[in-house]
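First, one chain by itself: the form predicted on its own, in structure tokens.
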């Protein structure tokens, strides 16, 4: 929502509370400003009941939460519960704003907004790779131990907490984690593959006559491609940057060449040529339509795949760790996840933290795990009986998370990611050979990571 739209919405709220605007006019105005019909109705209801909040007759503070894309409407349900409970008591109303499918589009939107010192979105969902960059740019507010104590933090997964920390300060709350997993059809595949060679051979074995595609994954030129490449690369024992020296580029190695050559070999064989346009949901839709034997995706796809009302492969698949390659025997998924941060330019920092703190608690974390199949950051979720009954995947996730590795760690991650996306995509499209693409990538990265 642009600043002018936010100002117009606030003006409408003042008028509706003062009795100078009808409900119908308010709803028409709110939807014309970009709110969904349900969000406008929810906001109108908050206006009608704000006098019962803990703030007495004061109007509720209206917050906007911009999330990543969440296709099950679970976030809306959690926000509605907050508004009717904690929000009602404390005079806070949250409007959930759905994010774009592409992480790149989300970052562009945030960058343009925050460079303009725009506070119209109060709570920002940011990918695990961006807290340090946003903190260094002074775009988000730190979360102090007075707000969220160390004893509270100890109940959450350490990896996501570490990803939200920059210069020994927490800059975002680790709302949900993520880790790449391999989905496979149990009616077609007897045993999960241990190596990328095994996966390729098994996919080829069932592709003709039994299933349309052997393997679907995320090959579009966006952040998801970085995750997919890193997982194959890590499986072969390679790295993008030296983990002990982020100014040293290591991607143009024998392991790197083997990994990229393997990925290129999939396009047009066990994977459709159109895999170079696939993101998470486009891969999932092909998978749920029973058109693939294997899929690489995030845990959210498990619950949706088991829903027989929308999936043709319910009760016909299992999940496993991703594969190893070459001389390496240990697979490594990429650590993902989304965190909630307070816009430094929002005038409602205290209320924004009230909402974020609610989203970290058992009730909200459990609802997100049950409703959307998301891997949450609260440790107790992974032993919760209700969660395990609906989503047995959670019993396996902790082991996979243990071997998960981050994407290249760099204060210039955006530029690192852009270079990876471009050069890997060029190889997948066969515009350059794997060797030439990696050589160009190494040159690009050296300039990026050594620039003062």
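Predicted model only: the values in this text are computed from it and were never measured. Numbering follows the first chain given and starts at 1.
There is another form of the same protein, the form predicted together with a small molecule; it is not shown, and what comes next is about it.
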| query | finding |
| --- | --- |
| Listed residue (355, 298, 266, 287) with a non-hydrogen atom within 4.5 angstroms of the small molecule in the predicted complex | 298 |
| One residue of 283, 202, 95, 103 in contact with the small molecule, assessed in the predicted complex (non-hydrogen atom, 4.5 angstroms) | 103 |
| Interface stretch in the predicted complex with the small molecule - options 127 to 135, 207 to 215, 248 to 256, 182 to 190, non-hydrogen atom within 4.5 Å | 127 to 135 |
| The small molecule contact in the predicted complex: residue 235, any heavy atom under 4.5 Å | no |
| Any non-hydrogen atom of residue 227 within 4.5 angstroms of the small molecule in the predicted complex | yes |
| Distance check, residue 171 to the small molecule in the predicted complex, heavy atom within 4.5 Å | no |
| Proximity of residue 231 to the small molecule in the predicted complex, heavy atoms at 4.5 Å | no |
| Non-hydrogen atom within 4.5 Å of the small molecule in the predicted complex for each of 156, 366 and 384 | no |
